[in-house]
Ligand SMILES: NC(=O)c1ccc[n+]([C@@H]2O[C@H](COP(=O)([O-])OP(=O)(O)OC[C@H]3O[C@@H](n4cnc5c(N)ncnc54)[C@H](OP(=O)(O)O)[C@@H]3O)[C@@H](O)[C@H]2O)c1
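Form predicted alone, single chain, as structure tokens, below.
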């Protein structure tokens, strides 16, 4: 099989599970050396064990020292960085009547501030490689829902960063894009106080609102991610790719 990312180096934040894991595995399968970052060593280790081209670093990217450690590891181990995937995020579900400023701080610290800080630190290497930045947004950035104001507000910022950075970095040969996933089947759907029967009914209700009639799989996000950071998408920058089963078309 052709390895389109041979000799390329990628960093994927939140790479221990879900969408981040699927993207890391896809890039590694197609030849990239991938460093995944997250706070839970067990899940990171499990992901890394699936492919010898994946290594992991345990850390909290809301902390400056973690980001500095990521960049130092990349420089020491590979000497280059071609792909940055800003995937890590947190989705609080609560109405504004219950939100505290601490909830805002937590959501925007990871979903926005850490993404910006990670990008700033990675940029010298990305510019040198004429590489790619891929941000993970959400269908919620443009199709809002109740009880998600902190999350959709953060993702709206991410989409605007994506477009502005694409304008600013084009002359350096750096492309910046984002993916806006819809309802994707990840472990987040297992974290619920509902009974199995109630959870099934809840998921069926969500699926009924999606034109394709089902949840997406993390691998379906990874397929688009691999395209966007590859040379096949060499004329794509500043784009927000909806991967949502048609949910955002309404």
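The model shown is predicted, which means the values in this text are computed figures rather than measured ones. Residue numbers count along the first chain shown, from 1.
One more form of this protein exists, namely the form predicted in complex with the named molecule; it is left out here, but the text below deals with it.
Participant: Just one of 142 to 150, 74 to 82, 118 to 126, 87 to 95 has residues with a heavy atom within 4.5 Å of the named molecule in the model of the complex, so point it out.
Facilitator: Stretch 87 to 95 is the one.
Participant: Would you mind picking the one in 45, 214, 39, 201 that has a heavy atom within 4.5 Å of the named molecule in the model of the complex?
Facilitator: Filtering the options by heavy-atom distance leaves 39.
Participant: Within 4.5 Å of the named molecule in the model of the complex, do we find a heavy atom from each of 16, 110 and 155?
Facilitator: Judged in the model of the complex, 16, 110 and 155 all sit within 4.5 Å of the named molecule.
Participant: Given that the named molecule is not shown alongside this chain, does residue 177 nevertheless sit within 4.5 Å of it in the model of the complex, heavy atom to heavy atom?
Facilitator: Contact check for residue 177: no, nothing within 4.5 Å of the named molecule in the model of the complex.
Participant: Although the named molecule is absent from this view, report whether residue 133 comes within 4.5 Å of it in the model of the complex, heavy atoms only.
Facilitator: The answer is no: residue 133 has no heavy atom within 4.5 Å of the named molecule.
Participant: Although the named molecule is absent from this view, report whether residue 60 comes within 4.5 Å of it in the model of the complex, heavy atoms only.
Facilitator: Close contact exists here: in the model of the complex, residue 60 approaches the named molecule to within 4.5 Å, heavy atoms only.
Participant: Is residue 137 near the named molecule? Define near as a heavy atom within 4.5 Å, in the model of the complex.
Facilitator: Heavy-atom contact with the named molecule at 4.5 Å: present for residue 137.
Participant: If you apply a 4.5 angstroms heavy atom cut-off, which residues in 165 to 186 are near the named molecule in the model of the complex?
Facilitator: 181, 182, 183, 184, 186, in sequence order.
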